[in-house]
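Just the one chain here, the form predicted on its own, laid out as structure tokens.
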């Protein structure tokens, strides 16, 4: 295990509804690294992210955070992981500020720490002007930004983002890229997305899953077309394990 590695997946597998969705997945993510997790629909990306975030337990292998098995240290892990799922879990009857305050309480942050963190994330995610608006009345892009705010609220070491760019307009997408690049020095970040240009703009390294297995794991090449070619070849199942 590299000394700077925060997250380690060791031969991880998971079955859902009797089907093997993830099989023998192994990779590490280091502090300061932004890793893009790619794959066609049904490749196992969201299931893998849910295991990394501690929402699902693996049936085989181990997910480790700083060398500790995640599901044996869930309380500690939750303080170290920020998770934005594909469907943001909002309470529509709460205002934006109330929602973030409730998230801070779940992380056992005291009142002063919650206020500082909420003000920081409202400013960082351009949500200050809608702090008193009901969460259920937000647009899709605003909900994604609020979901990212809750993931960052407790300043996690590991940030796990499932389709963070969904619903964002081009300006917001550019702001998201800038934000993630600015955050990446002090934490490890995993981004799952269908958009190759987002990976190329934000990530240092790419893992491609296909049929639940790692088929590619490499640093982004200077030749940006190489990622397109590798992804298409794997999606068409014309290549064995690459890199």
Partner chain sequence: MNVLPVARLDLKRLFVRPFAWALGAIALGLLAWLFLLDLNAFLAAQPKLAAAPEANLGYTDLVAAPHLLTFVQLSLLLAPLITMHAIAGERRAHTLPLLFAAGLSPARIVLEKFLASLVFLWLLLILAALIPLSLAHATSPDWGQFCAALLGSALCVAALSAIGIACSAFVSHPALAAMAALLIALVLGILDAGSRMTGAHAGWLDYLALSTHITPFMHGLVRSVDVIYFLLLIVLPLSFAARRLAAEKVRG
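Numbering follows the first chain given and starts at 1. We call the rigid core whatever largest set of C-alpha positions still superposes within 1.5 Å between the two forms. Quick caveat: nothing in here was measured; it's all calculated off a predicted structure.
The following text describes the form predicted together with its partner chain, which does not appear among the structures shown.
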| item | value |
| --- | --- |
| Partner-proximal stretch of 136-144, 123-131, 90-98, 166-174 relative to its partner chain in the predicted bound form, 4.5 angstroms, heavy atom | 90-98 |
| 196, 212 and 234 each touching its partner chain in the predicted bound form (heavy atom, 4.5 Å) | no |
| Proximity of residue 80 to its partner chain in the predicted bound form, heavy atoms at 4.5 Å | no |
| In the predicted bound form, residue 110 touching its partner chain (heavy atom, 4.5 Å) | yes |
| Residue contact check: residue 226 to its partner chain in the predicted bound form, 4.5 Å heavy atom | no |
| Residue 118: touches its partner chain in the predicted bound form, heavy atom cutoff 4.5 angstroms | no |
| Any residue of 4-41 that, in the predicted bound form, places a heavy atom within 4.5 Å of its partner chain | 14, 16 |
| C-alpha of residue 74 moved at least 2 Å between this form and the one not shown on rigid core | no |
